[in-house]
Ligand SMILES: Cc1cc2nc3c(=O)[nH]c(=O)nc-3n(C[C@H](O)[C@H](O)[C@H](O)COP(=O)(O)OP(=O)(O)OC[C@H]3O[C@@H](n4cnc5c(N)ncnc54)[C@H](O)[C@@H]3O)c2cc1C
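One chain comes next, on its own, written out as structure tokens in the form predicted alone.
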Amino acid sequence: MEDPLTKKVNTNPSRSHLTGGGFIVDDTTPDDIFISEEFTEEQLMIKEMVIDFCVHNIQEPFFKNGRELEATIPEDRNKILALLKKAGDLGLCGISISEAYGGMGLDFNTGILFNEALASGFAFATTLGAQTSIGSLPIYYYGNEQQKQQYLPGIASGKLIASYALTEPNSGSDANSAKTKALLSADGTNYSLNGQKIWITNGGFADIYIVFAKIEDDKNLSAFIVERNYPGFSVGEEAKKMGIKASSTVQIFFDNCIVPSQNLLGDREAGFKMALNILNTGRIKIGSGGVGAGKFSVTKGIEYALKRQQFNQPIANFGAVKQKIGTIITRTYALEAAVYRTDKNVDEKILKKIKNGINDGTSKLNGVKEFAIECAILKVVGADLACYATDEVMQIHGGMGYAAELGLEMAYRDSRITKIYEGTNDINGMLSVAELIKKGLKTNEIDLNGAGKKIPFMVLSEYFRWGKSPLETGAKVDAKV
């Protein structure tokens, strides 16, 4: 595959857009911005392959059978597992894992394009998304060579199903308050885990779990690779959910669960930062998923509006319908532009680090971490768009949209979770502001003070632009301004 980074790359470290959040205060030239029209033919082929997979294996069977798959039903769960295996055979389970460990080794921007296309898979997008992101990236980014060799090829092929276990009944947004404990044995050969996790995606059929727990009386979390067959490990019943019913969601339990000491992932007490950094990747993928949801919704809306006749004409002729479709299009276009501009910046940051001798996994980790502000913002905007677009396309369909046979009500229900997982929209909104303040006022990576000083002069220049000065109108101007 052609390396898309060779098409347009400028790794000058002075470029402000290689600093996360820099877009807020600095000018950017057109040459610095990647737009979706610049995707290569190979990248677009990957996108079409994923869409075809979702249409033929998920959408068409749904429309034929008239019902969605449900992980609570054993027969359906077998079908979901078969879909994961089929995705693995096509290489779709290892998109972000390097070829050295059996993956496709896609650059970051292509991986995000993959995720946009995966939105066509409804709930299966959550299942495969967990496999390719939060379930496997902790090992790829933080694992030692033995851990990578042991687990990543199986994950990339779909032979091993991966899961991520962070949330607990009393530990959600405040992730570091988790109560699951790990005690090191006297001989140092293993850890004993006790506790429980909740809302674990893929948990009902996963083979390995990235589990976060505090070792003894540590202040911060550590991370472990836990296999399903370890003594003391058990899985609860499938949760009955409003949406994403084809995604397995369970509680998991640790009752003196024995985990080999070599399965400690990364450094002791590094788990909390690990969790936050991995979530950045998941958040920006929700942004691209919002693009996919917007495109799906507007396509379905236009198709129906053109053929649905009322008052002797297609409802597409009516202003109210045009307004709904137009709003979905403009919001999708804006989000798409922001997502792929950011993703390209992440790729350029990654490439710069690789050229400085940093390995692929660490470069990708730090590249995404740099743009934590953008990841949080795009997650919120993407989730909001997914919910808005699916709601509006249901409204365009009227009563038919509420009927299960068209799948729109399923898309509507499935989209709602995006405002909750990978950090709620509320938390991400606060996180983006906190990170901006940190970069602007504490580390001085972003010149917020300098930008702020320009605001009064910008306001005055606009005032004078219209031909009236404060003196001419008798207005008083604060001397401090």
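In this text, residue numbers run from 1 along the sequence as written. Please read all numbers here as calculations on a predicted model, not as lab measurements.
Unshown form predicted in complex with the ligand; subsequent notes refer to it.
Proximity to the ligand in the predicted complex, taken as heavy atoms within 4.5 Å, picks out 160-168 from the listed stretches 109-117, 96-104, 160-168, 221-229. Shown without its partner, this chain lists P153, G88, G172, G407 as candidates; in the predicted complex, only G172 has a non-hydrogen atom within 4.5 angstroms of the ligand. The listed set I200, I80, A213, A383 contains one residue whose heavy atoms approach the ligand in the predicted complex to within 4.5 Å, identified as I200. For the chain shown alone, K273 is not a contact residue for the ligand in the predicted complex, no non-hydrogen atom being within 4.5 angstroms. When contacts are judged by a 4.5 Å heavy atom cut-off, I446 does not count as touching the ligand in the predicted complex. Under a 4.5 angstroms non-hydrogen atom cutoff, the ligand in the predicted complex has I244 among its neighbouring residues.
Though the partner is left out of this view, T424 does reach within 4.5 Å of the ligand in the predicted complex, counting heavy atoms only.
Using a 4.5 Å cut-off on any heavy atom, the residues of 402-421 that reach the ligand in the predicted complex are, in sequence order, I417, I420, Y421.
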